[in-house]
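In the form predicted alone, a lone chain appears below as structure tokens.
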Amino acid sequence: MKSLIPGLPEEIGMECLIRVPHDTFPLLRQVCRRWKKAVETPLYHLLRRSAASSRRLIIFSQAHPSPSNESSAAAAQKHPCSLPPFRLAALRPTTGEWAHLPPIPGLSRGLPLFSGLASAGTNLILVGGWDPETWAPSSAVYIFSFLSGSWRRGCPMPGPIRSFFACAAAPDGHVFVAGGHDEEKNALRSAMVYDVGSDDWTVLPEMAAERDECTGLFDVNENLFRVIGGYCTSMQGMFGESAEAFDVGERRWREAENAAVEDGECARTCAAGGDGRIYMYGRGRRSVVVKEGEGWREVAGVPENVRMASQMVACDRGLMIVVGSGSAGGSQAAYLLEMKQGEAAAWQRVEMPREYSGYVQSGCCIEI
């Protein structure tokens, strides 16, 4: 068998391959069959992480800024039927570099609105959402592979077409979906899981309560899919503070947890940190708080120009990013915060070039 790189020992050849930039994966796979096979193995990506050659990217579903000086959020409020197109933007937090991901073929008006966004392995998964022109809900699934640099269609979500559902991915390539509402605005308690590798869905046991507009997190420490907040059909728009957690190992929902959201706050900003803790905006959006026992502890004050948070994303190794504005429809700003065992360092401002200054609807983190 020929070596990975002619003239070099096999292990040295692999040491070279694991240090290539992630955006060259599509080219590497075209060089030869051995390189293609190597790049597609889990061992290759494990070695990249071990050698500190992998890169963390924060992925946002972000509005394309309007040509005028008006912010995309303000434009959407004034012209709700002519929302700007959304696309996926990737931020490398350690360097502040931004880039766009390729558009989904056939979607000329951009990404579906309000879709679920999650990362699993070397893939990004976009689930459901609304057609940007007709606002019709969809059950479509789109998968972007960083290995091929291209999109493919996945198996659509089964059951009633749902909107505003909880969505989160496990590290093993499973994407969980729960709650939301159907086309008649009935809140749902049903749940399911999508296997990216086999491209199929499995229906899960129902939650104890209906949960529309709920938030989904995956707890890697306890192997739990958490569904936080939301409201039932009879309580339209009146968000609850309870949560349910699906135990992946036992294949059952645990008993509902009360006070899963800080009193009076919305679960939209909840994020699962790499340390296994749950963080969110609290204290009237003035602070980031962390869940400890039955209560919440303040860990950092929030800069004034992001207190109207559109998104908070937590990565492993204690890194968190907040994107938002200082007022409704205001200009977008972004800050990084490093967390160590629940304690915060100083906020670091992230520059948002005009091309990447649009309103953020959803986000996730991927290590590639």
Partner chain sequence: MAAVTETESVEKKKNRLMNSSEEEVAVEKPPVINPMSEDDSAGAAIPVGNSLSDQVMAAAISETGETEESEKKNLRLMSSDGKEVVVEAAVAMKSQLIRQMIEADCAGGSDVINIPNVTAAALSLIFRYCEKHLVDGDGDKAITDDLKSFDEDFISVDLDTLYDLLMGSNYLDVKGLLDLACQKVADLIKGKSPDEIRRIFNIEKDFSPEEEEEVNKENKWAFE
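Positions refer to the first chain, counted from 1. The model shown is predicted, which means the values in this text are computed figures rather than measured ones.
Below, we refer to the form predicted in complex with the partner chain, which is not included among the displayed structures.
- Shown without its partner, this chain lists Arg254, Arg109, Arg152, His174 as candidates; in the model of the complex, only Arg152 has a non-hydrogen atom within 4.5 angstroms of the partner chain.
- Residues within 4.5 angstroms of the partner chain in the model of the complex, judged by any non-hydrogen atom, belong to 35-43 and to none of the other stretches in 57-65, 330-338, 35-43, 300-308.
- For the three marked residues, Ala260, Glu292 and Tyr356, no heavy atom of any sits within 4.5 Å of the partner chain in the model of the complex.
- Of the heavy atoms in Pro26, some are within 4.5 Å of the partner chain in the model of the complex.
- Although the partner is absent from this view, Leu17 contacts the partner chain in the model of the complex, with a non-hydrogen atom inside 4.5 angstroms.
- Contact check for Ser148: a heavy atom falls within 4.5 Å of the partner chain in the model of the complex.
- Proximity of Ile104 to the partner chain in the model of the complex falls within the 4.5 Å heavy atom cutoff.
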